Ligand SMILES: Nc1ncnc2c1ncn2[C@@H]1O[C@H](COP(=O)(O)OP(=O)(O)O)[C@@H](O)[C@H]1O
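The data below hold one chain only, encoded as structure tokens and taken in the form predicted on its own.
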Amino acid sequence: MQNQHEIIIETENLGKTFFVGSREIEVLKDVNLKIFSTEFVVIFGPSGCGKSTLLNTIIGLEKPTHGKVFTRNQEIYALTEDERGILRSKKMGIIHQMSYWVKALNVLENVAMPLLIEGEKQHRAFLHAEKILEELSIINLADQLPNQLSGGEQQKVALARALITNPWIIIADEPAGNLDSKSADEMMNLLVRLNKETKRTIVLVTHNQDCWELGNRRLEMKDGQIIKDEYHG
């Protein structure tokens, strides 16, 4: 059983600066953050406040200009790029606003793909993918091609694929940003259910204030800094 007080992700004086021509743009400014096991954290803020950059830095895609990122006490930027990729694929389930698919493969094959890449036998990978599709009540989509699905269905399938390696944290970057309100509500309810039933840590990045009441912890960002950090519920 997970220790609810275990630190899953920690940032230490995290800063990120981009250069646009001769201009220097400071996107993250000494961000210090601890995310604990089983939390559902909503990171909220307007476009351009730095929340997606923070997310990309946390998952090892965007090397900080200064500061450190730890996952379960492992400093991730002390790892090689390949080692960070392995950490991401095995320990983090990541959902983006737009999903990327192998268009020639059906839903079942796309969901099973991370296991197949790891060398899992096809029948075992497919059985595990079927189980997850059933748990999310989308097994009826298994034989469909991704381009035959609605936006809401695609995001549910993206969640299934994120769960296939049994990660200990789900990171969702504007997962409902392109969805209608009904599909968005369904997607958010799935994340809430996962957090409550499986005790997975969830980090949701959004600019939608309707998502503010989800989860049990809210972080508000502005101009590259966390300006509010509060627990609720």
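Model, not experiment: these values are computed from the prediction. Heads up: residue numbers just count along the shown sequence, starting at 1.
Keep in mind the form predicted in complex with the named molecule is missing from the figure; the text below concerns it.
Contact annotation: Thr206 falls outside 4.5 Å of the named molecule in the predicted bound form, judged by heavy atom distances.
In the predicted bound form, at least one heavy atom of Gly50 sits within 4.5 Å of a heavy atom of the named molecule. Although the partner is absent here, Trp212 is not a contact residue: none of its heavy atoms lies within 4.5 angstroms of the named molecule in the predicted bound form. The named molecule in the predicted bound form is approached by Val27, whose closest heavy atom lies within 4.5 angstroms of it.
With the partner omitted here, the stretch from 175-183, 189-197, 42-50, 161-169 that lies within 4.5 Å of the named molecule by heavy atoms in the predicted bound form is 42-50. No residues of 168-201 lie near the named molecule in the predicted bound form, the criterion being any heavy atom within 4.5 Å.
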